[in-house]
Structure formats: structure tokens, C-alpha cells
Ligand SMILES: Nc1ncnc2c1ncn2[C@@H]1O[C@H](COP(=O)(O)OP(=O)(O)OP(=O)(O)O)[C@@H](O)[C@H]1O
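Consider the single chain below, provided in C-alpha cells and representing the form predicted alone.
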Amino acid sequence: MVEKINLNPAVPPIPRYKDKRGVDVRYMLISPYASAHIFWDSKINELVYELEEPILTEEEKALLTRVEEAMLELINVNVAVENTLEATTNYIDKTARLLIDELNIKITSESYKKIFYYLFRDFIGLNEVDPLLRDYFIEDIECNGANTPIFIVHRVFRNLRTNIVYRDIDKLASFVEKLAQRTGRYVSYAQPLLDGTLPDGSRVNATYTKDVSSRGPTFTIRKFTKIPWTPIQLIAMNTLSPEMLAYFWLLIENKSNILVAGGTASGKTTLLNALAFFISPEARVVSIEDTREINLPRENWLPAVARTSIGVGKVGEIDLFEILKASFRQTPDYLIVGEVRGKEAFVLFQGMASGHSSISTMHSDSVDTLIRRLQTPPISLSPTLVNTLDCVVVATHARVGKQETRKVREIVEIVNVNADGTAIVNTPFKWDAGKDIFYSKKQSKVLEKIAMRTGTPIDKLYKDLVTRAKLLYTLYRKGVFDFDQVGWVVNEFHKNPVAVLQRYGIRE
């Protein structure tokens, strides 16, 4: 009988905890073998993440080592990794059973199951961190060297220490070599820095020697999210209000240009993904990123990713600037740029000025800072080009009570950028940090601009905003969080809004 392994167990709902000391959550990562346990450790007064895997006896450890050494001579890792899960599982299972038989090893069925898991994890997966990579809630995996715990960034509980520690520097160096191999790159004492992308799209940054990092080899893996969070999930997390989302829906439907600003880990890409849900189903979308993080529920979508150089001298490098220039020849209805930092911003804003609607992100903690950044080197945009931007969304990482959270702090409309670089702005939505409430005001300059451009009465636009906010709130109340389900509702609304509103009992 072939051993079964499930790499995609159901994603559980995690309840909100008012006090971290009450947290006690357990969920499956690799069924039925590995699970995550998040709980308050009273010894260190800290919330911790414990990876639970099958416990091996000393005999089983010795047996695993023996089988692994024998398998190294036989196994073709590339064939195994590139195959389907079923074929891979069969390959590992048959090879292991063959070796155990040839070595004349007596083993119980229970012991074999445990050994099979570790063989699968180490040969096909990424060793100790493989279950972490399969955790839907983990965003980053961080190893700061030998003899120090691996830390993770969890979507709900944020920074957590784990029970995984590399005690052996050579073993850690060997793992960094494996990461390099999986990213198709090379790492050595002469070239000790690694920057690459794993086959699933996750971004890897690593160092190889003690010369570069004093604790020995290190690595950081920024995970690629296969299933991004939907707009309804953001309402459930109180990241923003239904009215804010309805406002974005109207702006995107009317080809407005939006920039999402915020600091590191403020939720910019999560918000960008959620906004992209509102692009009409027939529109052609081109996305450009450093690392694949954008995931859209649509077919007419061309995702492009920048390619880093191979070796010394930037051989083969294709940066955002080059891809962005080429993308305008692909006639996009909407252009999404993962993050603008330098010269590519000029091309993006030139595209906005010539009628290519765009959404992008940028590192900045306020609108004033962002406008200054756009107008100073290395970007150096003219005030005229900055004026093509319709609104800026400021995302922030905040602490509400004892909870770490992400919020849309404000939505700021760019009314006019003067010749001297100063800007006239309007803020239709704002978050009050003290009361944890979202406020809105009735006047929107961008909706007025849309009314003038399309001939739609402004009153109708405001009425549409309220109707869409009601629909989004109803989806939240009814627990419609599924990626495909939310995508279907939004797409159907574009085709037949009356039918969708009737289905959910909403009156215009």
C-alpha cells in the first residue's frame, strides 16, 4: 500500500484573541504528519510557534540515516521534484521500500510511516522549513544563523519564534546550497550572497559564510501567497470599511490611477491584490513585479516578473524598467506594478498620462513624503506627471489594544500638484486610531472628476457607492470569504448588477 500525503489540508479559521496569553491554536500543515501549534509560553512570556512532527526513537533515527544515505546513491531528485504529488510520493515510497528490503531491515508499519515522512520532507521538500513553507498563514521565514531559533511572520499573530534551530553550521550551509540549487543559482565562498526565486515564486535571500554574517549562513524566505486575501476578508479583519472598498470599486471601474503607500509589512501587496478583484472581467491586465505576489481571479491576465542577473556583471538581467517599457506594447487596460522605486516610476507615470490606467505600490509613510519622493532624484517626476495620479492609499501597521493589525490609515485624493511641488489634496476616508473607527466625508474630488469625464450624474455615483458598500457588507455578514466565490460575485456584478443585488436581498 502506497503511503498518502496531503500537502494542502483545509485552511482553518483562526479566532480573534483579545489577550495573547489565551492563544492556543493547532492546525495541520502536511496531513497527517506535521502540524503547527501556536500558544503562550509562560516560561519566556511570549507567543511561540511550535512545529509538531512525528517523534523518532533512537533506533528509528539510525534507520532513517541509513536509508537516507542509501537513497542518495539512487534517487533522481530532479525527476522527483518536477513530477506530480502522486508520482513523487510513489517514487519515494517505492525507492525506500526497495532499499529497506535489500538491506534486510525489519521495520513496523508505524515506524515506516514516520520514516517515509522525513524522506519525503528532506528529498522532495526543503528539509526542516518545508512545513513552514506550506503554512498558509506564514509570510516570512527568517533564519539568523546557527544556534538561534528560526522566526516567522504570521498573518494573524505577526512575529513568532519557532522550535526549529540549526545546531550545525555545516548542515545550515548545506541547506543554503540546496536553496541555491532550487532557485537555479550558485552560492560559494567566492560568491556568498544568494538572491533568487523558488519554483513556487517565493523569494529567497541568503548568506553562505561566517565572513558575511557572524553567526554563519543565514536565509530569509518571503513566501509567495497562492491564495491571496479577498476584499471581504479585509473587512472581517477591520483593515478597512466596506465604504472604502466600494469607493475603490468605482474608481477602478472608471480607470482611475491608484498608488498604495506604506512602510514595510504594512499590507501594501495584500491590499493591491484585493483592489485588483474589482477590475472588470473582460479587461486585459498586465502585472509587473520583482517577486510573484499578485494573484488575480481572471483569465485575461499577463503576469511578468523581473529577472535578476546571473553571475557577475548583470548578465541576463531584465529589470522592472525594461519590462514596463515593453508592457505598453501589450495593450493593457490595466497595468499593475508590484512596487516602484526608481527610474521605472517615470515610465509608469508617462503611461498614466497617455491613458494606461495603473495601480502600484511604493514605500512611504505619508502622502507628503510620497509626493516629495516622486519629484526628487532618482525618480524626478515633473508636477504635471504627478497630477496624473488620482488617489493615494496609505496602509499602516498598527497596534489596536493588544492586537497587531494592519489598517488603511487614509485615502487621499490628489486634487492638484503645483509648479513648486506643493500639493492640494482631499481626504474622503480616514481611520481614527484612538477609537478604531473609519470616518468618511461626502465630497470626493475623484468621483466629481469621473462624473465630468463620463457624464454620469454625481448623485448616481454616490448612490452606486452606497449600494456596493451594502453588497460587500452583506457578503461579509453571510461569510462569503472564498477566493473564487468573491471573484464570481464581483464579475457577475459587472455583467448583471440587478440579479446580484436581488440574490443577496439588497435594494438600490
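Bear in mind that the values here come from a model prediction, so they are computed numbers and not experimental data. Note that the rigid core is defined as the largest set of C-alphas that superpose within 1.5 Å between two forms. Heads up: residue numbers just count along the shown sequence, starting at 1.
Only in words, not in the display: the form predicted together with this ligand, which the text now covers.
Proximity to this ligand in the model of the complex, taken as a non-hydrogen atom within 4.5 angstroms, holds for one residue of S214, N104, T264, T84, which is T264. Listed residues S287, T269, T197, T162 were compared with this ligand in the model of the complex; T269 is the one with a heavy atom within 4.5 Å. Contact here is defined as any heavy atom lying within 4.5 Å of this ligand in the model of the complex, and by that definition not a single one of W249, D390 and T456 is a contact residue. Just one listed stretch, out of 197-205, 347-355, 179-187, 256-264, contacts this ligand in the model of the complex at the 4.5 Å heavy atom level, and that stretch is 256-264. Within this chain, T218 is remote from the site of this ligand in the model of the complex, having no heavy atom within 4.5 Å.
This ligand is not shown here, and in the model of the complex it never comes within 4.5 Å of any heavy atom of E410. Taking the partner from elsewhere, V498 is found to have every heavy atom lying beyond 4.5 Å of this ligand in the model of the complex. Residue contact with this ligand in the model of the complex: D135 places no heavy atom within 4.5 Å of it. Contacts between 143-158 and this ligand, taken as any heavy atom within 4.5 Å in the model of the complex, involve only R155. Annotation: Cα of R373 displaced by less than 2 Å between this form and the one not shown, core superposition. After superposition on the rigid core, the Cα of V498 moves by less than 2 Å between this form and the one not shown.
Superposed on the core, the two forms barely differ at K255: its CA moves less than 2 Å between this form and the one not shown.
By 3 Å or more, the C-alpha separation between H154 and A433 grows in the model of the complex relative to the form shown here. One change in the model of the complex concerns E410 and E139, whose Cα atoms lie at least 3 Å farther apart than in this form.
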